[in-house]
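Shown below, as structure tokens, is a lone chain in the form predicted alone; questions about how it binds or moves come after it.
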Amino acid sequence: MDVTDDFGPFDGRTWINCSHQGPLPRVAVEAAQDAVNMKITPHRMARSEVFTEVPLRLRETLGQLVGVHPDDIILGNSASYGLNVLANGVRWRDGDEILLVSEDFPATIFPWLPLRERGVRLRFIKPEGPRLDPTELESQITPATRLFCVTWVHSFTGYAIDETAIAQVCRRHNVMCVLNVSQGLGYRQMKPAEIGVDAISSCGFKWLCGPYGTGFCWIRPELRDTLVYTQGYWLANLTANDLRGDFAYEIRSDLGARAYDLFCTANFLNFMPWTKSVEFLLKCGIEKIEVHNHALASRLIDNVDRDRFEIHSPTGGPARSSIVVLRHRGEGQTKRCFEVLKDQAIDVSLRKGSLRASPHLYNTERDIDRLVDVLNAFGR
């Protein structure tokens, strides 16, 4: 896969850090410029249709990405947004329990913390291995357990859970299964309705290569219909054309998932380029992107000096992702190596004392070789 002409320029740097920020492809940059031009010449925004067309096209694109009906997509600005819709919408009972995983990414944990003040108990599972096994989850479920939330691909380790088996455990015990899919969606296939999870939530600015401040969620319609509705947005219930005549101040009952959208869903500056980014990924093919990314990850794993660097992410099998986590064996050397990489214009992340490399479709074998050369020369 060669899409190098569709991204950049990167100012001479090698960006192997998609798990932090995914760059905009050029088609998205053009869409962003078009959105800016619309604001420069606001008569182009006066057409009421554009306020409908922008979120509609994004819904259709995201629905195609995850294999659900576009009307069931909730548009947000982060993974946290969708999790908060659930946290604030489920009809909790005093004594209900939510299961979470110790050391999970903060975005997967924080939305549930305020529920402690409402009598909901939060209990953390500490897996025996680097990822939660479905049998461990099953052993922790009690009659009080209402919901389990976990990250699909762990940001700090690169391990992916067995989402199908996890969903099956939750279904057997009538427990809501919720996934933060931000670190997998864009290079791994995710069809939530097929695997049986109750909800997924994702940001759009990592592997989906959208602007910062983008995200969406999908909630199983049967669950969504039971949520407490806590927000009222006028433009979800009316159109700009309605303002030209008489209208009623009433919440519509036919909004479906749109009732939970982030306000201002005709988010031209963010949603127009993000739509183009996701369309670009779909055109490339998610399965092909995964093959490309895994080949780059393998190139790093196979060529880094293993006598000097430990690999903390999976090197193969279904738990593997496009995130490679490694640490120098020398005391305090990993952070120093991170600084050397920055000086050499190679961008990765430093997370929990480890280096995190995350190549995506725009990266090449040459990028990985540059990273390997600097790593293997470090300290010599």
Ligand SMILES: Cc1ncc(COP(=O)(O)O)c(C=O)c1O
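Quantities reported herein were computed from a predicted structural model and do not represent experimental measurements. Numbers for residues come from their place in the sequence shown, where the first is 1.
Although it is not shown, the form predicted together with this ligand is what the next lines describe.
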{"query": "Residue stretch of 273-281, 72-80, 252-260, 295-303 approaching this ligand in the predicted bound form, non-hydrogen atom distance within 4.5 Å", "finding": "72-80"}
{"query": "Listed residue that, although this ligand is not shown, lies within 4.5 Å of it in the predicted bound form (heavy atoms), from 120, 107, 101, 289", "finding": "107"}
{"query": "Candidate from 137, 219, 203, 85 lying within 4.5 Å of this ligand in the predicted bound form - any heavy atom", "finding": "203"}
{"query": "Triplet 334, 349 and 354 all within 4.5 Å of this ligand in the predicted bound form via a heavy atom", "finding": "no"}
{"query": "Within 177-197, the residues that have a heavy atom no more than 4.5 Å from this ligand in the predicted bound form", "finding": "180, 182, 183"}
